[in-house]
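Here's a solo chain for you in structure tokens, the form predicted on its own.
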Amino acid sequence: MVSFGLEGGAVISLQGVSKWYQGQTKVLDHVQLELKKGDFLYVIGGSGAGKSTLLSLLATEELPSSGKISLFGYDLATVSPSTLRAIRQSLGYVPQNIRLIPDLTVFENVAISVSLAGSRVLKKESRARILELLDVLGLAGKKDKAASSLSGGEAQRVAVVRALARSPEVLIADEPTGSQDRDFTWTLMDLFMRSNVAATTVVVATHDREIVRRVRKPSALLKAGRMSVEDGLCTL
């Protein structure tokens, strides 16, 4: 995996970012955002506020309709294909649409993601990391089961393992606790916090007010596509 190593610079920068789809009003409207290495940000807001669209843009799955998105100092609109691949290798993304490969086992779904992130042969330490994360999230007994056999909550936890096993520089998680009970919710948040303490930049979209109250970090509120960022702690 490539390490971009920006010291003091913005890892994530959005300048006047808007997004709309044909025949629709703006989903995002002139969003401004800057995050540095080791920052943690909640993205909060009601259904349809634009949270998933914002995180999809950060994960390089889409480009904005207008404005500029830079990751690790590179403008996504003009970056070379090879640099874009390196950027993607440095991201861990937990989408709402989990997208596991149904015919592969749980372990294989995670291992293939790690391999695509820059290692053609799974290293011993990578295998150990995957097994550790599966165990922490109650999935050790499922590692050889087909992904198609998982419940929604289990599939969501596999997606988290897949993102964290890559040891990303940026972790982007879209409602990662939405299908979890309270115990696994806090286990997931503990993993995110541990990653953040290790200098990973973390962006979590959530509607869970208890998480925001208990794990207190800065928040960005999206409402009708407009963003307001709390400089301090959110007081939902």
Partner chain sequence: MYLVKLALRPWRQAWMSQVISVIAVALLLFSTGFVFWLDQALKPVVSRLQHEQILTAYLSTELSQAAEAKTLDSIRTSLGASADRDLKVVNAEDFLKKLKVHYPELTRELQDLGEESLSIVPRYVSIAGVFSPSELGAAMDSIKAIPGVESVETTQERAKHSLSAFETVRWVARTVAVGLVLSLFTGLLHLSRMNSQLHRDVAGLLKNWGASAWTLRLPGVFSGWIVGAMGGLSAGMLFLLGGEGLATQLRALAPALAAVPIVSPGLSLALVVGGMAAGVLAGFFGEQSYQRD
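Quantities reported herein were computed from a predicted structural model and do not represent experimental measurements. Residue numbers count along the first chain shown, from 1.
Below, we turn to the form predicted in complex with its partner chain, even though it does not appear here.
- Screening 152, 102, 73, 141 for any heavy atom within 4.5 Å of its partner chain in the model of the complex leaves a single hit, 102.
- Taking non-hydrogen atoms only, residue 132 never approaches its partner chain to within 4.5 angstroms in the model of the complex.
- Shown alone here, residue 89 lies within 4.5 Å of its partner chain in the model of the complex, counting heavy atoms only.
- In the model of the complex, residue 195 stays away from its partner chain, with no heavy atom inside 4.5 Å.
- Of the heavy atoms in residue 179, none are within 4.5 Å of its partner chain in the model of the complex.
- For the candidate spot formed by 173, 219 and 221, no residue has a non-hydrogen atom within 4.5 angstroms of its partner chain in the model of the complex.
- Only one segment in the set 205 to 213, 53 to 61, 179 to 187, 34 to 42 has residues whose heavy atoms sit within 4.5 Å of its partner chain in the model of the complex; it is 53 to 61.
- Residue 85 is the only member of 64 to 87 with a non-hydrogen atom no more than 4.5 angstroms from its partner chain in the model of the complex.
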